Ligand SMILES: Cc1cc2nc3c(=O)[nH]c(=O)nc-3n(C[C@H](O)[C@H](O)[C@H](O)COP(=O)(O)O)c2cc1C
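A single chain, nothing else alongside it, follows as structure tokens in the form predicted on its own.
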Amino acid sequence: MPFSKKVIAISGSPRSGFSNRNSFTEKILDLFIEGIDPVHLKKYYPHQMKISYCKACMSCWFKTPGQCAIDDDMKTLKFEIENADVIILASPVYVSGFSAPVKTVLDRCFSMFDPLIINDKEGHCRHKRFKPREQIAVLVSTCGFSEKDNFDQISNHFRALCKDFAWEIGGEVLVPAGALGFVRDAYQKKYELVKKAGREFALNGLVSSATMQKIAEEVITPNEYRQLVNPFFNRLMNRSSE
């Protein structure tokens, strides 16, 4: 049965959305979406949009509450985020965190918050949303190293965001050793698991812990991965110097 809730996916790999480039993160995102089978889906590529950095001018708090002073494509994206039932944040791990396009979008969501401080159910200081609604968020991420602990920082950031936005956590789809994604059939079982994760989310609003753990499992040792990937990088470097 198709998933009827409104889904917005933010595809944050700078290589995504182009026919002549390969984005492993977007491949994983698309497999997850395929598993969900949503009726209402909008996917955005922030690196292809005009979205400036937050200027911290506070206009959205004290001059025009809830409205950013910068007139650019973030206006559209903010509307979609505010009105979606499900938000999927897809980003490769860049220097232990979100890619710059995704981080810029998150920073510009500053205008979604009221300046007055509240305490959440754990007693922690938060800003309430100007337009609160029930929403679920999912993190989709890949990394270039083989160890799954490379996701620790982006996972912690995602969970902090869910508290800030009052999002329910729907799951984390984390695939290490991204270079294996371009080796024929190396990740076929993981691809099926990612689609399974989408089906679980569509059914329960949550990806099971068991499925998330299997997707994030390390399939190759760091030494094996180094020996596999470095020759490929050497070929690229030699080609560029010719």
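The first residue of the shown sequence is 1; numbering continues from there. Since the structure is predicted, the reported quantities are computational estimates derived from the model, not experimental observations.
Separately, the form predicted in complex with the named molecule exists; it is not shown, and the next lines address it.
Remark: none of the three candidate residues (G35, S208 and Q213) comes within 4.5 Å of the named molecule in the predicted bound form, counting heavy atoms only.
The named molecule is not shown here, and in the predicted bound form it never comes within 4.5 Å of any heavy atom of N83. In the predicted bound form, at least one heavy atom of P92 sits within 4.5 Å of a heavy atom of the named molecule. The named molecule is not shown here, and in the predicted bound form it never comes within 4.5 Å of any heavy atom of R226. At the 4.5 Å threshold, heavy atoms of P132 stay clear of the named molecule in the predicted bound form, well away from it. The stretch from 116 to 124, 163 to 171, 75 to 83, 136 to 144 that comes within 4.5 Å of the named molecule in the predicted bound form, counting heavy atoms only, is 136 to 144. A single residue from the set T104, N150, S111, S155 has any heavy atom within 4.5 angstroms of the named molecule in the predicted bound form; that residue is N150. Residues from 19 to 50 that approach the named molecule in the predicted bound form with a non-hydrogen atom closer than or equal to 4.5 Å are N22, S23, F24, T25, E26, in the order they occur in the chain.
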